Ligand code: TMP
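Given next, in structure tokens, is a single chain: the form predicted on its own.
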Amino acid sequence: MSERGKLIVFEGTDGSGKTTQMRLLAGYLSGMGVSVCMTHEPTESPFGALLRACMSKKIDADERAIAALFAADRIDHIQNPETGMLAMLNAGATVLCDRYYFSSYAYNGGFVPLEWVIELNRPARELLRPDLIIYLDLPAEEGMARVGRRGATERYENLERQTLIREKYFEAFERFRDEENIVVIRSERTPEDTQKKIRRAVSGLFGGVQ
């Protein structure tokens, strides 16, 4: 039977470089002989499709409905027998996930009561807790400058909201600091510098590989 893989989650405000860094880490780990699967939230499921429509402002939904959709998408993301993270992990793959329940705490918890969002996501947290959460930190102003270079903005992509979301991330990290393995890494100007820090943070999960 395969040894269960590790779950590494990337978190951060918009523009922090999560997707780029996750791909760089996947390439690095694959080169070290680690079996890697990459995934993201919202997922490609029907729940995820609805969420992407909400994020792009094609659907104008209440924040509580969006929070509930994220929670539903997350449970399916964990439990789906074919594409779920538990299935990948139990097959021996290390799973790199772009966003997980701390995104809900920060994004939804900035606009509806955080306690409610935490309870909404309790089933996901009880089913599957990450081995490591990497938060890529970036001032809101710098993140929005990066986002602006991409073109059209989404639901949460303005300076006021991003500032609040960053604050909520750190509020949630403080609350769960004794229960979660969280590493805060400054998102540097060059992806290479950020990746070096990420590899150091991850190395302990794989016997200290560098």
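Numbers follow the displayed sequence, beginning with 1. Because the structure is a prediction, the values reported are computed rather than measured.
A second form of this protein, the form predicted together with the named molecule, is not displayed here; the remarks below concern that form.
Of the candidate stretches 24-32, 137-145, 179-187, 41-49, only 41-49 has residues with heavy atoms within 4.5 Å of the named molecule in the predicted complex. For the options Met55, Cys37, Ala61, Leu164, the one in contact with the named molecule in the predicted complex, meaning a heavy atom within 4.5 Å, is Met55. Using a 4.5 angstroms threshold between heavy atoms, Tyr156 counts as touching the named molecule in the predicted complex. Using a 4.5 angstroms limit between non-hydrogen atoms, Ser103 touches the named molecule in the predicted complex.
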